[in-house]
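Heads up, the chain below is alone and in the form predicted on its own; it's given as structure tokens.
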Amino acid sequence: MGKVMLEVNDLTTKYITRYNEDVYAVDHVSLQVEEGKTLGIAGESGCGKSTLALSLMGYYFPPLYYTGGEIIIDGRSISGMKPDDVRRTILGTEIAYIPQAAMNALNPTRRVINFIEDVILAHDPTENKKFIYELARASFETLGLPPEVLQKYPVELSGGMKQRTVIAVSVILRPKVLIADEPSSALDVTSQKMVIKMLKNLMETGFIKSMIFITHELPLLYNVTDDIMVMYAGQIVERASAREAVFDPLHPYSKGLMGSIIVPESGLRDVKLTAIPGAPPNLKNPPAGCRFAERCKYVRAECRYTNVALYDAGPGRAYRCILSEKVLRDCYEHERAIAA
């Protein structure tokens, strides 16, 4: 096992609505990311992926609140730190975040170099602009971006170039952990490929030590990540290697998620697409038992009232279901036989 760059233990965060209702969007989540590794987090919209990303940075503002658990970055706990301390000493240097729709996050009235100046001066107000420009130029060249982009306004850049520029600005201080929240969404296939290549280059060149890649597309994670965690209704329902999660999912939700996506990989491209019926539960009042029970074709009576914990299914693998691995595999095999 390599050095752990990010360790999260039992993290729970919630939103408080204007009617004073608690919505636990991240519910007792634990994970580890080792140096040199990329962890993928998958799940449908509304499952808590982006809230988890925000929560991991320890930077909380209403309506999002920290409830419990621990976040440790390279051996340093950031749980419970004041927002100003997190912004000054953690964000950008220890952990960085690429938000959804990042290419729309740039102020169109400012040049790219101005965003980099803001990031660096927030950590060290004494740095001079000449040093910042040289640092930015060298970083952009290393990441395969033309230095002239630094003097351009966002409106002068294509969608793909804006996305790559946001990534470059986010990692300018070489953070230990990078969280990329659907960085390739809303891009054409060519731009997606360039963004993915850039993220891989960040790891290879040592700009970042580890990465969390968030998306609803499991097949994409197979080509980018080492391990995958599947989220549903604020909880982790499966953890496995990228190959296991894509080609051999155990949890019924993971299985359904894979079955609802066109997969170009050999062995899966001819599988008939199926939909997951129903909708996720309301997290203002989550079910007492399995949160996937109302949508699961293998549901048992006890699923609706039994508090289901993550079951250890071997090295690096776990799933949240009361059914044994053998029973689940028998169900899947029976379905394959009928389909054939």
Partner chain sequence: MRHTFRQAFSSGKFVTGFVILMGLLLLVILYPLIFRAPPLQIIAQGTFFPPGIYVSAYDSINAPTTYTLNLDGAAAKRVAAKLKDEDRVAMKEWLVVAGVPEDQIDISDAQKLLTLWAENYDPAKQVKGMTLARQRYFQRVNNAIQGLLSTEGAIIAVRQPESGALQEAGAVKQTDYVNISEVPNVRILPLGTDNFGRDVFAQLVRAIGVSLLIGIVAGLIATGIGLVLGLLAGYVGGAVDDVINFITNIFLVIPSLVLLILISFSVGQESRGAFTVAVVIGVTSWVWTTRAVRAQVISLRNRDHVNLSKLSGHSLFRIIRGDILPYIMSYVFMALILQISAAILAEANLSILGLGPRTTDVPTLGLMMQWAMIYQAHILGKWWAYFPVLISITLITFSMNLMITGLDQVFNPQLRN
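Numbering follows the first chain given and starts at 1. Please read all numbers here as calculations on a predicted model, not as lab measurements.
The discussion below concerns the form predicted together with the partner chain, not included here.
The partner chain is not shown here, and in the predicted bound form it never comes within 4.5 Å of any heavy atom of residue 225. Shown alone here, residue 140 lies farther than 4.5 Å from the partner chain in the predicted bound form, counting heavy atoms only. Although the partner is absent from this view, residue 84 stays clear of the partner chain in the predicted bound form, with no non-hydrogen atom inside 4.5 angstroms. Using a 4.5 angstroms threshold between heavy atoms, residue 166 counts as touching the partner chain in the predicted bound form. Highlighted residues 97, 106 and 110: every one comes within 4.5 Å of the partner chain in the predicted bound form, counting any heavy atom. The partner is absent here; in the predicted bound form, the one residue of 135, 119, 203, 72 having a heavy atom within 4.5 Å of the partner chain is 119. Residues with any non-hydrogen atom within 4.5 angstroms of the partner chain in the predicted bound form fall in just one of 76-84, 142-150, 110-118, 125-133: 110-118.
In the predicted bound form, the partner chain lies within 4.5 angstroms of a heavy atom of only one residue of 170-192, namely 170.
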